[in-house]
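One chain follows as C-alpha cells, the form predicted alone.
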C-alpha cells in the first residue's frame, strides 16, 4: 500500500516530483465531464514513463481479437476505448532547450486536484540542462457546462533568463492505444486547418467511421496584458501546431490560454464538425478562462449539494469518499442514454468496452439515489435498446427462442470480450441486469417500466436461464454446469451457488412481473405477439426448474458452498499468505490460483448482499465468517460488499477496514495497479458501503428504512438521498440520528424499525 498523497478533505495533493509515480498520478488526477476525459498528462513534453490518454465518450474501435487458439463463438473484436487526439500539448522551449521534466531539475513541484471546484492545478520550478530556470503554474479543467470544452491556463515565468521563449501549442492525432492487439493505429486523418491563433484537426476511426474534430484557440498575455502575436503554423499528417515566440524579461509572467474542443459525429453531422468545434472554442475565449472557471465552480457546487458525504473526525475517510464521488460524476452524468460507465471511465485503457455487470450491480444505486429516477432509467434503457444484440449473442452460442445472453463487455450490445472462461461462463451478469430492474422499481415505485421494456428484458433473460439449466438424473435436480461465478479465481465450475440462485430468482421474479402486467390486457396481448411468448408451455417448465434448483451445501451447517468441489481444495486462510506473494494474481501462475481456496471477491456473499431478506442473520454471519477469511479482495468490487455485510452484523472493525480498503483502493494503490487507470465502477461500491453499510439504508415493502451505525473513528457523518422524488438528508453521530427534508409532501420512513412521518421543516431526531 502506498500513502503518497497528502490527506485533505477536499483535494488530492501531491508534493514533490516522483517520476516513478507518474503513471499512477496520471490516473489519480484524471479529469472528465461525462462526455470526454483525460489522464493527468503534462502539457509540456515529458520523455519519462507515461500513459497518454484522451478519451471521447461513445467513440470506440473494434480491435481484432488476438488469441492463441480460436474457439467457435469467440468475438471477432475487442472494443477499445479510444485514445483520441492529444489536445493539451504546449511545447515550451527557452534558448533552444526543451522543457521536459524527465531531463530538468525539478523543485517545488505541487499538484492538486481540487474536487470541490473541479479543476487540476500544478506548479513547479524547472532548471533546464542549459541552466535556465522557469517557474510554471498550470490550471486546467473540462467544463461541466460546455461538455465539449477543455480549458488550460499555462503560465511560465523565467527566473534567471531574459530572451525568447517559444510555445508550440499543438493537437496531435497521431497517437495509438497502448493496448492495441496488433500495434495498429486506429485513426486516419480527414482534414486539418490552421490560422494565426486557431487550428483544428478532424480524424476518423479506420473502422466504424467515427469522426472527431479537435480544435484550439490561443490567447496570450504578458504580466496580465493581452498580447498580439504572429504564430508559425505547422501542419503534417494528423498534427497541427501554432508556434508562438515571446520576448520575455526575467520575472515576466507569460500566460498561454488554450481553449479546446472535442466534437464528435456521435452528436453532430460530420460536415458540421469543424464549424461546431470552432464555435465552442470561440465561445470559450469570449467568456474567458476566469469566468468559465467560476461557472465550473458553481456547477460542482450544485452537484455537491446532493452528492456530498460529510465525515467528521477522519480526514482519510473524508478525502476518500469525496474522491470516489468526484470521479463518478466526472465519468457519467446520465443525460445521454447512449453512454454508460466503463470500469476505468476516462482514466485508462484497461478492460476496454463501455459497460460490465458493474453498472447494474454497483453503479445504478448511486446514480438512482443521487441523480434521480430519470438517470437511473437511462441505465436500464441502455440495456433494453441492446436486447436484440443480447439475443443474437445467445444465438451464437446455440440458445433459441429469444433467449438473451447480455455481453460481458460491450459498446453496442455485441459481445466483445475474448477470454473464454469469462465471456461464455461468467453468465451471472444476466442476473445482475434483471436485479437492476427489480432494484429500480423497488426504489422508485415505477412499476410502469415493466411495460416500457423491462418485462421484455426479464423474459429474454429467463428464457436463457431455462435453457442453461439441465436436469441431473443423479441429483434429481436442475444443475448448471461449466460456469464462472463472481469469484474469477474459479473457472469452469459446476453449480456455482450464486449463479444458480440468481438464475432461479430471475425466473421467479419474471413470473411475478408477468402477473402484474397481465392486468393491462392491451399491453399483454401486444407483449405475447411481440415476444412469441407461449404462456402455459414456458411457465410450466420455468416453475419446474424454480422448484428444483440444486444448491450446494456444507452438510450439517448453514454454509452454502461456492460450487461443487470447493471442499476438495487445501483449506488455507488469506492471513496465512506470505505478504511478498500478494496480490497473488501478480505472483502466482493461473493454474496455482485455480487450485487454491482463495477467493477474488464476494461470491456467495454477493448473493447474500443482494438477497439479504431471504436469509436469517445467523446464516449470513456463518457464511461471512467462513468466506471472508478466504478472500484476498483482489477485485475492486470485493471490499464494499464485505463492508456492508459486516456493518449489518455489527462487526465494526471489519466494516471500517473494508470501507477504507474500497474507498482508498486507488489513492493508496492496494493492488498495485493504479497506473492502469482508476476503478470507477467500484467507486460506486464505496458510496454503497457508507449508505447501505454504516447508514443501514434499506427498502422494505416500499418503505425506506435506516439502521445507522457509526465507526468509532468518526465523530459524525451526513449523506443525502433522493427517494421517490423526496430529497432526504441524514445525519448520524454517536448520540443519535437526524433526518430532514426540504421537499414538499410526506414520506413514511423507518429508523431502527420504528415508523416516522417525514415532512418539510419537521426534522426527525432519534437518540441512539
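Predicted model, so just to flag it, every value in this text is computed and none were measured. Numbering follows the first chain given and starts at 1.
Omitted here: the form predicted together with another copy of the chain. The next part is about that form.
Using a 4.5 angstroms heavy atom cutoff to another copy of the chain in the predicted bound form, all of 397, 585 and 591 count as contacting.
Residue-level contacts in the predicted bound form: of 479, 545, 146, 381, one residue has a heavy atom within 4.5 Å of another copy of the chain, and it is 479. Contact with another copy of the chain in the predicted bound form, judged by any heavy atom within 4.5 Å, is made by just one of 231, 508, 494, 103: 494. The chain is drawn here without another copy of the chain; in the predicted bound form, the stretch among 513-521, 484-492, 660-668, 368-376 whose residues come within 4.5 Å of it by any heavy atom is 484-492. For residue 67, a non-hydrogen atom is located within 4.5 Å of another copy of the chain in the predicted bound form, even though that partner is not displayed. Under a 4.5 angstroms non-hydrogen atom cutoff, another copy of the chain in the predicted bound form has residue 424 among its neighbouring residues. Interface membership of residue 438, defined by any non-hydrogen atom within 4.5 Å of another copy of the chain in the predicted bound form, is ruled out. Under a 4.5 angstroms non-hydrogen atom cutoff, another copy of the chain in the predicted bound form has residue 565 among its neighbouring residues. In the predicted bound form, the residues of 409-432 lying within 4.5 Å of another copy of the chain by at least one heavy atom are, in order, 417, 418, 419, 420, 421, 424, 425.
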